[in-house]
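For reference, the chain that follows is the form predicted alone, supplied as structure tokens.
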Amino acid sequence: MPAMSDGSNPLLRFVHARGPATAVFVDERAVSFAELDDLSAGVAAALDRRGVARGDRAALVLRSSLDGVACLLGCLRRGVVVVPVNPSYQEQEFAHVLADSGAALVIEDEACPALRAALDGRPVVSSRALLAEAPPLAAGDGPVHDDDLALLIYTSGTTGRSKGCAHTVAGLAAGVDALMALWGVTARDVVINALPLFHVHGLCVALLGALSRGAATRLVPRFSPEAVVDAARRGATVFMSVPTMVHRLLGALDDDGAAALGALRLVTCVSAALSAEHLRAFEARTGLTILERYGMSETLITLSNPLDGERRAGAVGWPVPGTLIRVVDDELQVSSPGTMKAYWQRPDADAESFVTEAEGRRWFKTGDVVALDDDGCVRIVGRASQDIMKVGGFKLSTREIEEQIEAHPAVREVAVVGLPDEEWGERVCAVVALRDGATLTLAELQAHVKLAEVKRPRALVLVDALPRNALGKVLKSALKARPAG
């Protein structure tokens, strides 16, 4: 396939333009597009010298920082596939992503014992050291093609094994361009990004989306209501959030903070359903109606409420330009240029998740049960699979958590379910039947589960036996109806 006209990633066109305008604010520092171009070029050259070539995968275990942004962009301009990894992962989670992706290099910003234990001989370098290797006027770019992979982002599936969603350069650019145009993002905007760079919304929309339109990004490395209000007071125009952030803001805003947020042009929310109560409460406090959208790791950018017009409580809107949707047996299916090319090295999962029509159009089965308003506005009803939870904006596999709990010597059988939670959307609840004579507390269970903090149980219910149907399948719907202990 022919290269792009300038051989570079289209998401970086404003970076390559080397303008004097600010691209990234972090702490008290303002970094121009020209400076960011130099930094990312240096990273690309350093990758070149290390033998990391176009199509190789680089695992980025990075927090929100200028170094993290430079390393991300350096990989994209070199043609290296970015594999974002949650820095709070535990050893087995790191080990799976590194082995499955075949990462040629790991880039970290802080030494992490769990990561080091999972390297299995793979080279690792700190982001600071990689930037220090960069010579002045570095040139390490490689030609970038439409169908090259740009992003391999891992998400949890119903089997408990995290799968890599492989996104191409053209697909990623198409989805980002469509959403940024729909939201009217321009070079006059400053986007508050308090989301992690391993999160689809934080990486693809709030960062790459802003940069692709010439807008500035104000990085907030660690979310707090105070930090977001401060960013708004410093001249930000857009805040991109998840429901947990909205909940915490509502609990902390004073009149001055509400006025600062009310001066923003746009507040968006994604990753889980925002309650109508929170939508109305935020509007009452700030005068702004939050714009909700829908996407997932496999489809990235799919549905959105409008910038101009009614933003409906409890609804995630209509397809973004270029995206088609249909509802089959109540399940949402998507066909769009921004949908992933495939699950990484998982043709079995592709066969289960994609439907290809005779004329060649592919539809991705999202697993989300939806309802449509009369005018086609989409409302998410729930998951087709009860083995997936949305906690604080992250999609979790109950099976992955269950496998850890089953290894506890006191546990005879377990089912993990998501219970409604006002702040987090859902909370992880472990329903456990104990072995004869055994005891177990929530604190003991939490200490046993060696997974990221968001995946650890927040409630424990002890039962004599799990309810099952005639075929022996656990009836999780019955368990969700039980009160948490």
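A residue's number is simply how far along the shown sequence it sits, counting from 1. Because the structure is predicted, anything quoted here is derived from the model rather than measured.
FYI, the form predicted in complex with a small molecule isn't displayed, but the following is about it.
Checked against the small molecule in the model of the complex, the candidates Ala104, Leu131, Ala273, Ala259 yield a single residue with a heavy atom inside 4.5 Å, and that residue is Ala273. Contact annotation: of the candidates Val411, Met296, Val334, Leu211, the single residue with a non-hydrogen atom within 4.5 angstroms of the small molecule in the model of the complex is Met296.
Listed stretches are 91-99, 287-295, 351-359, 111-119; the contact stretch with the small molecule in the model of the complex is 287-295, by a heavy atom cutoff of 4.5 Å. When contacts are defined as a non-hydrogen atom within 4.5 Å, none of Arg161, Thr398 and Val474 contacts the small molecule in the model of the complex.
Though the partner is left out of this view, Arg77 does not reach within 4.5 Å of the small molecule in the model of the complex, counting heavy atoms only.
Put simply, Asp368 is close to the small molecule in the model of the complex: some heavy atom of it is within 4.5 Å. The small molecule is not shown here, and in the model of the complex it never comes within 4.5 Å of any heavy atom of Leu72. Taking the partner from the other structure, the small molecule in the model of the complex has a heavy atom within 4.5 Å of a heavy atom of Thr155.
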